[in-house]
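Take a look at this single chain, the form predicted on its own, given in structure tokens.
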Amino acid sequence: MAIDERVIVEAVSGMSLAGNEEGLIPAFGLYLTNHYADFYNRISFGVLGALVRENPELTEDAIALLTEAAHVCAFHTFGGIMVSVEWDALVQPMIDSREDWVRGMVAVVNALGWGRFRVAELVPGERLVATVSDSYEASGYLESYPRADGPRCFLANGGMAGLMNLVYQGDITRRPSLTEELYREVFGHPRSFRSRERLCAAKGDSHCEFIVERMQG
């Protein structure tokens, strides 16, 4: 059975993903956070803007910081989802190949409302090209700032690298414990995956596009 995104989106959308009194959403064996997308955008773009204003030479370091935060988020969030009982019940029966783990996770992301992600190209173990329409990061940026001179979807960019690292570098199919040691092993490997956002709506492109490839090590 191939991944049926419609079924996954309908099922996840029908789950009770409401925040509790602490603003957390217990689901997929972990806690999701419950807050406005603009809240995240204001923090991340504010951090970038403050660092660039004070120390323009730190621009690349600021972007690397935000991207690293996305790597950590993807490792725990995507990884937690892919070893959860909900994944086992809903997505696992549709999985025929390792590549279906990527497509299945993208379907779950779409159900969570982070934009409309599509897998444009997937070369097993080597390369992913993903596109996103209505990225909340790009849309949020344009609501508060003029057109950007570079890509701004830091969380999605790091998230796509995290997804490929989980599937092909960390072998999430074996259900490893998502420890700090495993994170360092996977993301610190000289042949781990990194992503670059080639197109971004925040800089005037029609949509966002991420190219995920292994480092040359």
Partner chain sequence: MSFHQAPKADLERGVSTLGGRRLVFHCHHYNVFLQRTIEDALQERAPGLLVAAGMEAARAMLQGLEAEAASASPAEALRRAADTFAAQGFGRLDVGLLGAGGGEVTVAPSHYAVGWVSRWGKRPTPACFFVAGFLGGVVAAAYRLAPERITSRECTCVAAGDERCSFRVEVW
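Numbering follows the first chain given and starts at 1. Rigid core here is just the name for the largest C-alpha set that superposes within 1.5 Å across the two forms. As the structure is a prediction and not an experimental result, all values here were calculated from the model.
What comes next is about the form predicted together with the partner chain, which does not appear here.
Novice: Just to confirm, with a 4.5 Å cut-off on non-hydrogen atoms, which of 172, 164, 155, 186 contacts the partner chain in the predicted bound form?
Specialist: Spelling it out, the residue with a heavy atom inside the cut-off is 155.
Novice: If you check 83, 129, 94, 73 against the partner chain in the predicted bound form, which one has a heavy atom within 4.5 Å?
Specialist: Going through each option in turn, the one that passes is 73.
Novice: If we define contact as a non-hydrogen atom of the residue within 4.5 angstroms of the partner, is residue 20 a contact of the partner chain in the predicted bound form?
Specialist: Residue 20 belongs to the contact set for the partner chain.
Novice: Taking the partner chain as it sits in the predicted bound form, is residue 115 in contact with it (heavy atom to heavy atom, 4.5 Å or less)?
Specialist: Yes, residue 115 is a contact residue.
Novice: For residue 42, is any heavy atom within 4.5 Å of the partner chain in the predicted bound form, or not?
Specialist: Residue 42: contacts the partner chain in the predicted bound form.
Novice: Is residue 47 one of the residues lying within 4.5 Å of the partner chain in the predicted bound form, judged by heavy atom distances?
Specialist: Looking in the predicted bound form, residue contacts with the partner chain include residue 47, since a heavy atom lies within 4.5 Å.
Novice: Going through 106-143, which residues have a heavy atom within 4.5 Å of the partner chain in the predicted bound form? Please give them in sequence order.
Specialist: Read in sequence order, the residues that approach the partner chain (within 4.5 Å, in the predicted bound form) are 110, 111, 112, 113, 114, 115, 116, 133, 134, 135, 136, 139, 143.
Novice: Is the C-alpha displacement of residue 10 equal to or greater than 2 Å between the shown form and the other one once the rigid core has been superposed?
Specialist: No; residue 10 is a residue whose C-alpha shifts by less than 2 Å between the shown form and the other one when the cores are overlaid.
Novice: Superposing on the rigid core, is the Cα displacement of residue 20 between the shown form and the other one 2 Å or more?
Specialist: Yes, because once the rigid core is superposed, the C-alpha of residue 20 moves 2 Å or more between the shown form and the other one.
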